[in-house]
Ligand code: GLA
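Let's start with one chain on its own, the form predicted on its own, as structure tokens.
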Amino acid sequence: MIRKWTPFSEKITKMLHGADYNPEQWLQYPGVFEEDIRLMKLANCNVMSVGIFSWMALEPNEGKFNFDWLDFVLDTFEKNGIYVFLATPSGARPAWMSEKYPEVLRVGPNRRRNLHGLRHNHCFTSPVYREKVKIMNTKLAERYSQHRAVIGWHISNEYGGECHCNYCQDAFRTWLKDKYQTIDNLNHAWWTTFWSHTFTSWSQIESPASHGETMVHGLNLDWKRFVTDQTIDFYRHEIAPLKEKNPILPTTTNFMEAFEGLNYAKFAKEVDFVSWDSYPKWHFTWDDVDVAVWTALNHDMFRSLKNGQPFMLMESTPSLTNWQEISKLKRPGMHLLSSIQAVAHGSNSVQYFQWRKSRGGSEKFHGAVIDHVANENTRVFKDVMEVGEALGMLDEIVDTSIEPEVAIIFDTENRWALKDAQGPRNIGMGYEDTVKRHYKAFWERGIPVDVIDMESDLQKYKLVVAPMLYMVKGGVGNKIEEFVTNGGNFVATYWSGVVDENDLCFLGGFPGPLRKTLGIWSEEIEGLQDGDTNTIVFSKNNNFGLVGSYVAYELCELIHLEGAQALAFYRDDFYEGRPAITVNNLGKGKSYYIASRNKDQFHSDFYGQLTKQLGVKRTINSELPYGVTAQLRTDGEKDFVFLFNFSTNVYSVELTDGVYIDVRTGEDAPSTIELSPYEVKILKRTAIL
């Protein structure tokens, strides 16, 4: 059975390769555009994102529009077989607008209005700004929504930030009224009797501010939710005139790596396909494995946002950035390796910021395909050509599926609440790192994973892991219980089931609505000093099959058994002999509880044993050396297997489950694959169902 997604565009069904392109920066430089076309073809580029931050070039004076240069660019692209994601320019407004309509500028938490400058320095609630965006987007839609080169709308750029102006305060209060209906309901949800913070009218409520209120956690949570909803509302406002002119032309906006400022699980419902911008910190240390793991996790999260639909890698760097702490060059092989990593995890594109380096501005030293020397005789351009050549061989992988049997919950609202909770470890709860460490145990075995939020459907998975699910929203506990009862397997950790969606602690004992599913009661949790450790020891002849001891650090929870069976116990301190790892049988399934934060070896051994018991499918059945991983995409008839070596060592991998073809050479692959440092192999086999 063929398992492929519907193409997002009928105009091109190939792997996309391209970049952000700003031809308006070079209008005064004859020959530059023509040379860019030549170099795009040489690099096998077939798509460009155009118009990002181009408002001033399109509307140099209020009501005076100039589309001639953009007409020429798009028409020339069409003649040369290059497609376009056409951007709306709302990411940065022109100076004339800020001068004439200062209300479009954001107000900070300190209640002071910003000066003109930077990006996204505008209020999403401002009626003036919304009207100006509507006029601009209507004109773009009227002119280009049927253009043969345009395959999609790139809406704004990396939405983010918040405004605290009077418009936004009023909108926030309206949002709260819609949610809570009465001020009494709000006061209860926010537990405002603490410190005598009870509100008696809606007008008393202000957004969080350092010189005002920051200690009402329900307020902090709802403000973040409002910011997400108001940003989504602005996105809807942006796309309305575009969809009116051509409802078929897809729209997206580029998300950012594990961005905390917006709830992407909610935002993803609004876009036609997910795209994101990836800028890993390769080579910042001697070992790139943790960077590879975190980047893979992000790829999987963005793919999972729309139930596994392939995404677009909208931005990456072909060499270095200029905004990270250190500007590191990609080592030989890393550009192809990291680009194909995105494809392996579900991307249908590899795109860059930027095509050509600017002469001036804050990103004039940011990596680009075309350097200031402006020719193809650079190491970076040759790396980009190599990626373009490889992508040209991967057309049959476009829109193929990834079908994991494992999911990890990485939830934005849980993240907000957990970080705001004040205790038990205010020097850092390490939520993101904890999720990564659990994910790594699957990555190192080549087991595909979905990365989901707590409200996602669970029934299609064999195993769901929820590290530090501090917040459990209404209905989520029942959903997890049903998942386990029906035969699923669930793993939770310390600091789970503590509060509801309003950050109110569950009464009657933690882990709250997960207590029955897990069969334990959590009485206390201790934060350990840096450098302090405990030890957990698996009991002899436990029914899980692990033996030995593991180091616990930072967080240790003291739990009681309520139907669960202890698999391991603490060895040290006053809680020596207390349960540390448990299993609970519920219906047809099992749930596990990990009461302490443990070093990586524990996760590797624990999940290795668990996935073996559950028969979780691996991409290949061979053992993978350190730093080597495998990923799978399939169309139901053919499996496409990607082998990656993120280490600086030469390793060999045995292929024991079928006959493989090397996709890039078309030749039969040997049964033993040798991987050089930073090398990737793309293989094809008959699908293993």
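Predicted model, so just to flag it, every value in this text is computed and none were measured. Heads up: residue numbers just count along the shown sequence, starting at 1.
Below: the form predicted in complex with this ligand, not depicted.
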Contact residue in the predicted bound form, chosen from 554, 383, 158, 481 - any heavy atom within 4.5 Å of this ligand: 158
Would you kindly say which of 26, 53, 640, 651 lies with a heavy atom within 4.5 Å of this ligand in the predicted bound form? 53
Among 602-610, 276-284, 260-268, 173-181, the stretch whose residues bring a heavy atom within 4.5 Å of this ligand in the predicted bound form is 276-284
Is this ligand in the predicted bound form close enough to 190, 413 and 419 that every residue in that trio has a heavy atom within 4.5 angstroms of it? no
So, in the predicted bound form, is residue 254 in contact with this ligand at a 4.5 angstroms heavy atom limit? yes
Find out whether any non-hydrogen atom of residue 500 is located within 4.5 angstroms of this ligand in the predicted bound form, and reply yes or no. no
Give a yes or no for residue 353: in the predicted bound form, does one of its heavy atoms lie within 4.5 Å of a heavy atom belonging to this ligand? yes
Is there a heavy atom of residue 315 lying 4.5 Å or less from a heavy atom of this ligand in the predicted bound form? yes
Heavy atom contacts to this ligand in the predicted bound form at 4.5 Å, residues of 104-129 in sequence order: 119
